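Presented below, as structure tokens, is a lone chain in the form predicted alone.
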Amino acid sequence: MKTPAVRVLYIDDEENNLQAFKASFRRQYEIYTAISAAEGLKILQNVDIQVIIADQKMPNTTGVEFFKSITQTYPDPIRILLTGYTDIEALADAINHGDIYRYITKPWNDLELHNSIKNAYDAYRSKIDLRNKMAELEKTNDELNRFIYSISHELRAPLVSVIGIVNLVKMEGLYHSSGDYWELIETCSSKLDYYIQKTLQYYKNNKNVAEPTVVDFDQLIKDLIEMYAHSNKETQFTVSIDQSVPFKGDLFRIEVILGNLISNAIKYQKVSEPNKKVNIEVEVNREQAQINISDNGMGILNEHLEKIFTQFFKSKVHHGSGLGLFIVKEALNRIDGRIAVSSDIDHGTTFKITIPNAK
């Protein structure tokens, strides 16, 4: 197969240099020449150029200034600067800002310039290949996420029916009529439902665009406690909310964050603890919301504190999905929030969350 010609644009205000360049490289490259920056820009508008060579010292504009002017509009072509003198400051500035690939002194050496063009084209192809692979990867990832969401959503329908049947069995007093079978069905169904809900949360957290809305922490936390406390009626909640100013934030993600943390605070209570407690404090000001969620539960080992936000991390003591705290961290990242954790095996765990007020 014939190798596609590399399209090279050379801009110089000296006609002799343009003719010499064309004579030297016309057999190796598809050459375009321009006597000024304005003429070079016109060529860029009509031809898909891969390598641009520009002389530094031109009327009206320098090569560095020209490269800077086209960085946003034509970011792909690789840029080489030719210069007959050394303007160290201009060159350093151009290189530091990524405006030029390399510079070559005039008069140029044909072999050096040829190698520079060849290397510049390789850099161009690498840039384009990387972009195409990223686009393909994003498409594949999006399709996979949509597939997972669809499957998870479809699984919930029959699962809810199973849980509903178990509840009917309880209402009719037949829950213990078949030994431990109904309890086993309920436990497995609840666990599967938990995994599906976490999967859906993860998908929605990745897809949803943050839309700041007014957040009433008092009502939100009441709703979350009511939602999750049914699994452990013995846990006592102490709630303190100081919200004297309006707070705007991503309600969906804030609900996901607080819901996971409250759920964990209930789930990981000590079985032998007679006074199971969860303390929730919220303080809102014009800049942020500071939320502390503490419990007197099992606690977390010090060596695990740095790992608990890792996807699928599970300790031998906490038999969760390994997704809850990972989703919390991901959701906080999406809304520029922060989280810190301290824990003691004897006294429980405290999470401190900071969420910016998008007022």
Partner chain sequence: MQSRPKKLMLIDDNEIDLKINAKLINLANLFQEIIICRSGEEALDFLNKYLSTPELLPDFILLDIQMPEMDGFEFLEHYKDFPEKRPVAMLSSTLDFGDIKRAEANPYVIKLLKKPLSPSELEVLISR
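Small disclaimer: the values here were computed from a predicted structure and weren't measured. Numbering follows the first chain given and starts at 1.
Another form exists, predicted in complex with its partner chain; not displayed. Remarks below refer to it.
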If we take heavy atoms and a 4.5 Å cut-off, which stretch out of 148-156, 135-143, 214-222, 115-123 is in contact with its partner chain in the predicted bound form? 148-156
State yes or no: in the predicted bound form, is some non-hydrogen atom of residue 107 no more than 4.5 angstroms from a non-hydrogen atom of its partner chain? no
Taking heavy atoms and a 4.5 Å cut-off, does residue 74 contact its partner chain in the predicted bound form? no
So in the predicted bound form, is its partner chain close enough to residue 241 to count as touching (4.5 Å, heavy atoms)? no
4.5 angstroms heavy atom contact with its partner chain in the predicted bound form for residue 111: no
Of 178, 285, 167, 187, which one comes within 4.5 Å of its partner chain in the predicted bound form, counting heavy atoms only? 167
State the residue from 245, 128, 192, 160 whose non-hydrogen atoms include one within 4.5 Å of its partner chain in the predicted bound form. 160
Heavy atoms within 4.5 Å of its partner chain in the predicted bound form is the criterion; list the residues of 100-129 that meet it. none
